[in-house]
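In the block that follows, a single chain appears as structure tokens, in the form predicted alone.
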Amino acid sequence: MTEQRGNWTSSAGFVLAATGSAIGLGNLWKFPFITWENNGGAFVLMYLVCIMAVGLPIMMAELLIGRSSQKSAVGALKEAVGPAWGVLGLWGVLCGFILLSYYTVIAGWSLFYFAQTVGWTAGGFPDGLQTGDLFGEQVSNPGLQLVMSLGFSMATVGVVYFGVQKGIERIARLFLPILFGILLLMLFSALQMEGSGEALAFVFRPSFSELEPAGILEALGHSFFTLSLGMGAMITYGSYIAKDQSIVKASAVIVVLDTVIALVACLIMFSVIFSVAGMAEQVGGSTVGMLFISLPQLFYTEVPFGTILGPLFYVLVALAALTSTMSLLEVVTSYVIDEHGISRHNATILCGAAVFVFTIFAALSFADVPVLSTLAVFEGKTGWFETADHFVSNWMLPTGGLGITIAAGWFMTREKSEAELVDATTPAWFSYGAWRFFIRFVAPAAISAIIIAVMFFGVDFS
């Protein structure tokens, strides 16, 4: 018996779901960190150029491949491009599987800090508490890590279990407006701080003398990674788009929303950093430092209305993570449904359980567990978590993305791709010829530069 395939109920529902997939810890965590490391303005401008030249064309390519076939990543590539291309789809499914297995661990940290901030709001911030020590204690506690990861995994499975309309779209419609509201509230508070003017200048005033070649490469890399590209997520989501919904309009809105949220996150964090004496010198050790070490204490010592915003911020982090984890699980689940004929309910539970086995490995790699905490495959990366993150970020996503650009630009027929992008719903600003040029030449060259940087120059995008 074939599982009935769902569809998004409207363009707005799809845009919210896909935006939720793109908006994740990369927006709230990684982008502010790499913007800080690369001195702001010029890096941000370069990132905006890259996201328009690379991210947007690939977003459209993945969505059109999915919609043209109405199948998951493997079946979509087989039908849209050719039977051999199913291997690329399977690579994307595997990428989503591995990424979800350790992403859930980080997402679980948001639950821990939400509980902590609620306690601090109710009882006051403890005198003498070192938030760095607190972070170290919680990640090295195996039982706590497993409980938090299991909780987030169960929430993810619960959403995907109910399908596209009743699960993913419904949650996106509910949570994305809440996420936007919390962000705006935090931005309003941040702009009241004395460092907000310096933060605005840091983000939006370019100084190209401070932008190094490595920064350009990092802007290029993040413009690709931030949109959930290269792992089958947008192909899968694209397979649920109705024929009367515009891929071009939806792609543009998703990219704009994702970018705006990343910039707002920067303004919030940098306003805090520039308002606290000596904080600028303390930030920069790691992405973890901003989100889980520096900010928790600052909410209760420096940020206006911080006792309210502290818990709300970690609600924001949890919502952003959940809208990403449910898209990752959908990549794996839809493959099992389409290719193996298993019902959605059974496929979701099966895939969720399989992913959680590897989540256990990632969660325990922070504790003193033999092999899991000492695994060293890549230079400078120790433990299962860091190894998986490095492999996905530096190898799986770029190679998957390069494969998509080649498939859509060189092997999918012009007639088929044009039919998906150009119709009565296509906005006047879109040029199919320009898109085809960027997907055939610019995007492959850009992603090849990422792969070359990883292979020969030791650049690390994890």
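Start at 1 with the first residue shown and count on from there. Quantities reported herein were computed from a predicted structural model and do not represent experimental measurements.
The form predicted in complex with phenylalanine (PHE) exists for this protein as well; it is not shown, and the discussion that follows is about that form.
- Interface membership of Leu25, defined by any non-hydrogen atom within 4.5 Å of phenylalanine (PHE) in the model of the complex, is confirmed.
- Proximity of Phe274 to phenylalanine (PHE) in the model of the complex: non-hydrogen atoms within 4.5 Å are absent; the residue sits far from the partner.
- Put simply, Met231 is close to phenylalanine (PHE) in the model of the complex: some heavy atom of it is within 4.5 Å.
- Not displayed here, phenylalanine (PHE) is kept clear of Ser153 by more than 4.5 Å at the level of heavy atoms in the model of the complex.
- Between phenylalanine (PHE) and the residues Thr121, Ser294, Thr387, Thr226, the one pair within 4.5 Å by heavy atoms in the model of the complex involves Thr226.
- When you look in the model of the complex, the only residue of Leu99, Val303, Ala219, Leu316 with a non-hydrogen atom within 4.5 Å of phenylalanine (PHE) is Leu99.
- In summary, the region of this chain contacting phenylalanine (PHE) in the model of the complex, judged by heavy atoms within 4.5 Å and restricted to 111-119, 373-381, 323-331, 239-247, corresponds to 323-331.
- In the model of the complex, not one residue of 421-460 has a heavy atom within 4.5 Å of phenylalanine (PHE).
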